[in-house]
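Below, in structure tokens: the form predicted alone, a single chain.
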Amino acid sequence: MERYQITIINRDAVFSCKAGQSLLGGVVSQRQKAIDVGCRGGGCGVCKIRIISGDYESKKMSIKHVSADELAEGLALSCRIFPNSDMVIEALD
């Protein structure tokens, strides 16, 4: 199975994510604490990140947590992002 390297630039963290696995799932499976974990299903907004680079697929996100403007700026919920390449992201507090 293909794996992608995910770099979190502001947490000095790197982890790998399997194809078909969400970014949050990848970070949790490797027991890293670089992204805040909430409900894991897009309902709480705790795992919000900024995507700097990389190709990915996205599942639907509530505009309550990620507005259209934020999406255009690269903000997303890590539980709803599935990488198709290596990625660089930034964790938000």
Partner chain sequence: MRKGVMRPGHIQIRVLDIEEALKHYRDLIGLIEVDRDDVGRVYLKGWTEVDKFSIVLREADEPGMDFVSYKVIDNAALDRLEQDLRDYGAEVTEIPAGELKGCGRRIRFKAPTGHNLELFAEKEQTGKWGLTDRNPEAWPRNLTGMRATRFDHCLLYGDDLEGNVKLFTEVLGFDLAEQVLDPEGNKAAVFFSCSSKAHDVAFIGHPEKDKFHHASFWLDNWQDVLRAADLISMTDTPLDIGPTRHGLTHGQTIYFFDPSGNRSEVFCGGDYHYPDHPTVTWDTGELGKAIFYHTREINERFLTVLT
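Residue numbers count along the first chain shown, from 1. Model, not experiment: these values are computed from the prediction.
Only in words, not in the display: the form predicted in complex with the partner chain, which the text now covers.
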Q: Run the contact test on G38, G42 and M61 with a 4.5 Å heavy atom cut-off to the partner chain in the predicted complex and return yes or no.
A: yes
**Q.** Partner contact for I52 in the predicted complex: the partner chain, 4.5 angstroms, heavy atom
**A.** no
Q) For the stretch 69-83, which residues lie within 4.5 Å of the partner chain in the predicted complex by non-hydrogen atom distance? A) R80
